[in-house]
Ligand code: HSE
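Taking the form predicted alone, here's one chain by itself in structure tokens.
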């Protein structure tokens, strides 16, 4: 008899989307996959692709931590052995939701291997608890565009299917951990800045739902996080301006950065090249990605 095994597939995500600070996230057609096999041989984690040289392959691995967390929640003992093999396409520490992807992989695999006792809503609550917020885990789990909020009863999530949109991303070689990006934010904001963002967040949702890139270009502006985080990414403001000049309808930081995401009616390759050139002109290595949005979320087989 073969060892119990499942395969998990989870997409990259881009959170914030300009004014939707900690409340909006979007799934992208870039995927991490992993195979989880219950064995009797201890822990064996292997990684191919993105992060292979630096992601932990022991007990500190996010997916393994999430796997154990779910077992604890459902009152199951840890397995005698577990083999996990990752095939990663999402760069780690990029602003594309790689940590949310890892947590979801572990939770989904453990859930599936133990009879799926937890619902999607419960898995979302648990993954958001581990991640600290839901703006990445919600679209990674559900696909599409997700709006999230939190109250005393837990997370409120609304998921929207959207038309397929072209996205150019550039990832500069800048070390910007999320905790560093959060420390850059001020402790207080003016009413004017709060209203500026509130009034645009609803418009970003409508623009993405309808594929209205002209509206997205006007609405995808921010005063709560981007002005402070862009200062931590040399060349980022010039890259955003270059993307607009190359025809991008809207440009924003992806999550906390350092990636930039540009939405394009056409010519996504030219927008990516323009952003890339803005960084390389400042002697900052950068990578380009040509992606699409996706309405597909995580899957287990």
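Not measured: the values here are computed from a predicted model. Numbering follows the first chain given and starts at 1.
Keep in mind that the form predicted together with this ligand is not shown, yet the notes after this line are about it.
Review point. Going by heavy atoms within 4.5 Å, which of 266 to 274, 230 to 238, 36 to 44, 253 to 261 lines up against this ligand in the predicted bound form?
Key: Result of the contact check: 253 to 261.
**Study point:** Option touching this ligand, based on a heavy atom within 4.5 Å in the predicted bound form, out of 178, 197, 87, 122
**Key:** By the 4.5 Å criterion, the partner-contacting residue is 178.
Check your understanding: Counting only non-hydrogen atoms and a 4.5 angstroms cut-off, does residue 21 reach this ligand in the predicted bound form?
Key -> Residue 21: contacts this ligand in the predicted bound form.
Check your understanding: Any of the heavy atoms of residue 136 lying within 4.5 Å of this ligand in the predicted bound form?
Key -> Close contact exists here: in the predicted bound form, residue 136 approaches this ligand to within 4.5 Å, heavy atoms only.
Exercise for review: Report yes if any heavy atom of residue 15 sits within 4.5 Å of a heavy atom of this ligand in the predicted bound form; otherwise report no.
Suggested key: Within the cut-off, so yes.
Review point. Any of the heavy atoms of residue 209 lying within 4.5 Å of this ligand in the predicted bound form?
Key: No, residue 209 sits far enough from this ligand in the predicted bound form that none of its heavy atoms falls within 4.5 Å.
Practice item. For the heavy atom contacts within 4.5 Å of this ligand in the predicted bound form, list the residues of 179 to 196 involved, in sequence order. Key: Sequence-ordered list has one entry, 182.
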